[in-house]
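Take a look at this single chain, the form predicted on its own, given in structure tokens.
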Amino acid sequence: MSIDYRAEIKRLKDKLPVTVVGHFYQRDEVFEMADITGDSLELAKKCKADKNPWVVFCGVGFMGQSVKVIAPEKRVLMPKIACCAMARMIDGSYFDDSINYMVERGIPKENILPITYINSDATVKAKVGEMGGLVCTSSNAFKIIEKGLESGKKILFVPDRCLGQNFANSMGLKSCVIGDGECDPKEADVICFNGFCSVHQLFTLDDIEFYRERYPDILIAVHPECDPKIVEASDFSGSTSQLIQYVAQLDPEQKVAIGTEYNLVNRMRPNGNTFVLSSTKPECPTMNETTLEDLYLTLKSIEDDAPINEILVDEHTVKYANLALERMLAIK
């Protein structure tokens, strides 16, 4: 007998003290089942404020970790502990290697201020926290880097080179990327780790040229995880939430091509004037791993008192990762 997953998910949500959370990039049928939706840090903050002791997080692994770091008292399960490719590009040892790279080129460790994008493992956030550093999001990276520079220290930005370079460019700062040619930390303000988002690397200058030729008045809006050349050629660059706000305030007849994940763009404005800035479907493979069946089985495991895929973070990591997050949240 087949299971009506939607009906069963609704039944379990009504019965259990659980909140289902869905990131913007989740497939539609999963996104529609969520009680709370949003971007990664926004979701973690909402989970902390939520009254339910159980969280079922539909997203990728570092997002579930962020909830556990901010609200360690919560029981956090994930239907799929999917891996963000960017977050996987850096771990504690690669972070240490980056610090050593700068030290070997004449920057004392005490003169380095690390900043990590929220898209990173909790162990990396903890190492950043131990060094007095901060977390940032794509919404507040400008503000966090600006505040960090007040320390007079060199900024080590991990793991997304594009985000670091784009915000350095917007601030008139010099950046370099470790492992991409000769990166002299003495000559740069922001030293970037060589990580990236595979989805946001799909957008090209040819894509922009195609839409501008086809629709002369079209606007191009992209995420700052895109390559700096793409950001420079666009009309607007902003985080997921900022892209949503930007599109929402446009005239309904205004055409706009958006360079970010397909599921989000597809939901933005179903009036035929919103386009995906790509000749291929820019769909995050790991975000799309979660299915309705996965969500059902995770909720059922709570009902059966045999929870699956629980996110656990040790006390040391929680302490210092949370410190890095708190430093960020303290900056208004």
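So that there is no doubt, residue numbering starts at 1 and follows the sequence shown. Given the structure is predicted, the values throughout are model-derived calculations rather than measurements.
Not on display, but discussed next: the form predicted together with a small molecule.
Of the residues 63, 55, 69, 299, just one reaches the small molecule in the predicted bound form with a heavy atom at 4.5 Å or closer; this is 63.
Exactly one listed residue, out of 147, 74, 80, 200, brings a non-hydrogen atom to within 4.5 Å of the small molecule in the predicted bound form: 200.
Proximity of residue 117 to the small molecule in the predicted bound form: non-hydrogen atoms within 4.5 Å are present.
Taking the partner from the other structure, the small molecule in the predicted bound form has a heavy atom within 4.5 Å of a heavy atom of residue 25. Not displayed here, the small molecule is kept clear of residue 294 by more than 4.5 Å at the level of heavy atoms in the predicted bound form. Using a 4.5 angstroms limit between non-hydrogen atoms, residue 240 touches the small molecule in the predicted bound form.
Looking at 47 to 55, 299 to 307, 33 to 41, 273 to 281, the stretch with residues near the small molecule in the predicted bound form, meaning non-hydrogen atoms within 4.5 angstroms, turns out to be 33 to 41.
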